[in-house]
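The data below hold one chain only, encoded as structure tokens and taken in the form predicted on its own.
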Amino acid sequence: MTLVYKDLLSEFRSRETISSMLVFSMLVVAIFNFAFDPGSAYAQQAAPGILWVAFTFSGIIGLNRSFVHEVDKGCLHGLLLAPFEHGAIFFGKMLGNLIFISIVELLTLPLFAVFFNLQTLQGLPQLLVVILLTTLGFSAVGTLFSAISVNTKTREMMLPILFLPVVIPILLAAVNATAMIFDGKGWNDISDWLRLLAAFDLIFISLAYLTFGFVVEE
């Protein structure tokens, strides 16, 4: 929790990560709003994909900065020498990324609903669960690949190249579940997608935790 507190305090002082993520996410929503006629059938069909495009690429901006300060200022070596297992570093950074990405998602969602004339209040509990489960797996995989890419010269490009192919199953499940929610479906209708997201989260978190120590030692 100390590592999470450090990341939250650093972000509170600088406001660099969340502000850049939020601006990018809102720009994506605004641009697609001009590309489609709000309230049209095409806009309704494309809305779930647009929402997750905004969430995904704004999240990558935050993940890119996850280990930047630790590496640039030499703090990562200190963390590795601390008397606790490397998995604790992974969970601390993952939780910090989860919080940052979730904040941006919650701020973007109302704007998205207004721009695309969506009635999301009825399905809001289901949508929040889908967002939480997706963001959890997203943060786990992103934290691992952020630790891999941060030591490369082209870390801004390397992270999306490594990250996006792995999270495609999560994003497909999220888009399909979101589309059903926007169509007015209930818990029973999206239960299969929720179970799939939960299974992906369990697998990805376990694999990322087990391999994180080898990644940072390199």
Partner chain sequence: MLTDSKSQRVENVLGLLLFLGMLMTLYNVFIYAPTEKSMGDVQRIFYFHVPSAFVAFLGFLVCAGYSVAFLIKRNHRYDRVAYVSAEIGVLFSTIVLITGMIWARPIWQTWWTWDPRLTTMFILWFLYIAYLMLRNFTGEDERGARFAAVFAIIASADVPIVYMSIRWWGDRMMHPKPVLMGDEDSGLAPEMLYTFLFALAVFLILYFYLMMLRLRQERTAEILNSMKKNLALNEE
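Predicted model only: the values in this text are computed from it and were never measured. Residue numbers count along the first chain shown, from 1.
The form predicted in complex with its partner chain exists for this protein as well; it is not shown, and the discussion that follows is about that form.
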May I ask you to state whether Phe200 is within 4.5 Å of its partner chain in the predicted bound form, using heavy atom distances? yes
Taking its partner chain as it sits in the predicted bound form, is Pro165 in contact with it (heavy atom to heavy atom, 4.5 Å or less)? yes
Taking any heavy atom pair closer than or equal to 4.5 Å as contact, tell me whether Leu207 reaches its partner chain in the predicted bound form. yes
Would Leu172 sit within 4.5 Å of its partner chain in the predicted bound form, counting heavy atoms only? yes
Heavy atom distance at most 4.5 Å to its partner chain in the predicted bound form, all of Leu144, Thr152 and Leu196: yes
Please pick, from Met26, Met158, Ile61, Ala46, the one residue with any non-hydrogen atom lying within 4.5 angstroms of its partner chain in the predicted bound form. Met158
Please pick, from Leu109, Ile148, Val129, Leu118, the one residue with any non-hydrogen atom lying within 4.5 angstroms of its partner chain in the predicted bound form. Ile148
